[in-house]
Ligand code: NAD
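Shown below, as structure tokens, is a lone chain in the form predicted on its own; questions about how it binds or moves come after it.
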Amino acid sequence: MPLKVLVADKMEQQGLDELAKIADEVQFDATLKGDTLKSRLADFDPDVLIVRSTKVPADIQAAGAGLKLIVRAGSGYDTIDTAAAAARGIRVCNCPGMNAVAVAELVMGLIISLDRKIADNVIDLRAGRWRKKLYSKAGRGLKGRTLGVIGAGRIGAAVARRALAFEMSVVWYDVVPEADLGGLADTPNVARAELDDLLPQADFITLHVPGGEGTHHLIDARRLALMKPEAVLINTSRAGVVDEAALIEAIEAGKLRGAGLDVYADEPPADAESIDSPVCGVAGIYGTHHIGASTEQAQLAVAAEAVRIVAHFKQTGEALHCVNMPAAG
């Protein structure tokens, strides 16, 4: 069937080149959002819309009269109104697991950085300060420590494998009864636990759950109080999973050693040059700029998967990884 594709977000050139071989017409504009995206959808009337972080609410979807498929070039899809899409007969697909290794690598980087205060070391060194005595006492070490993994999908499993390589123990939780942490459930030094039982055990806790109503403030003041005072919390999933105000309060009160964040409640757009968030001034918080999936390897893998979804849809009418409707066209 003839196919028109609109890519309204960043995509690797390799992916765009492959799309051009599949589709009859491809338009690419990474700046489209809001009203400009509405206008382009109305004018171009694509069959397929591909986005990364661009929001696609109901009113934007309605602008594309012939829109049949929305592809989220990543795993999370809370920026897309999936219910509205289903009501219009638009299938929404994601690219699960393509960025799992990239996120897992960042998680381990944040864990090691927080334990050894690497960022503070660098700041002092660049300022010409030598504080060997202070930083020699900073690290507790990872070997023999317990990592709590909340969310046993591809990313959670990838983090668990890396933690085991550091000779850590892993305790994990997932809402899905049949989850097996990527086949690691029966591995030595790996144990499943309920969430409130996991938190007091873990020296490091990493979150890998989707955003949305079911996980909003999953980690709140009550659950923060269950954690060890020397524990470290890592969130590379969605900002709303953690109550930021409660997190800041816990760290500043000495009830939690620290946190590593890649997502924020007041996160600005990707093209912004500043961020206004209360976490910025907290010494115990190490933050990265929402870069969990941002490695060359991950982006090429995501682009390739997005292309595969589009190619399969054109050939069969089926929507791979459909998250809101039956996959068949």
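All residue numbers are counted from 1 along the displayed sequence. Everything numeric here is computed off the predicted structure, so don't read it as measured data.
Beyond the structure shown, there is the form predicted together with nicotinamide-adenine-dinucleotide, which is absent from this document and is the topic of what follows.
The shortest heavy atom separation between Val176 and nicotinamide-adenine-dinucleotide in the predicted bound form is within 4.5 Å. Residue contact with nicotinamide-adenine-dinucleotide in the predicted bound form: Leu199 places no heavy atom within 4.5 Å of it. Under a 4.5 angstroms non-hydrogen atom cutoff, nicotinamide-adenine-dinucleotide in the predicted bound form has Ile155 among its neighbouring residues.
Using a 4.5 Å cutoff between non-hydrogen atoms, His290 counts as a contact of nicotinamide-adenine-dinucleotide in the predicted bound form.
None of 243-251, 72-80, 85-93, 125-133 except one has non-hydrogen atoms within 4.5 angstroms of nicotinamide-adenine-dinucleotide in the predicted bound form; the exception is 72-80.
With the partner omitted here, the residue from Val232, Val103, Ile219, Val171 that has a non-hydrogen atom within 4.5 angstroms of nicotinamide-adenine-dinucleotide in the predicted bound form is Val103. No residue of the trio Pro2, Val5 and Gln27 has any heavy atom within 4.5 Å of nicotinamide-adenine-dinucleotide in the predicted bound form. Taking a 4.5 Å heavy atom cutoff to nicotinamide-adenine-dinucleotide in the predicted bound form, the contacting residues in 208-226 are His208, Val209, Pro210, Gly211, Gly214, Thr215, Leu218.
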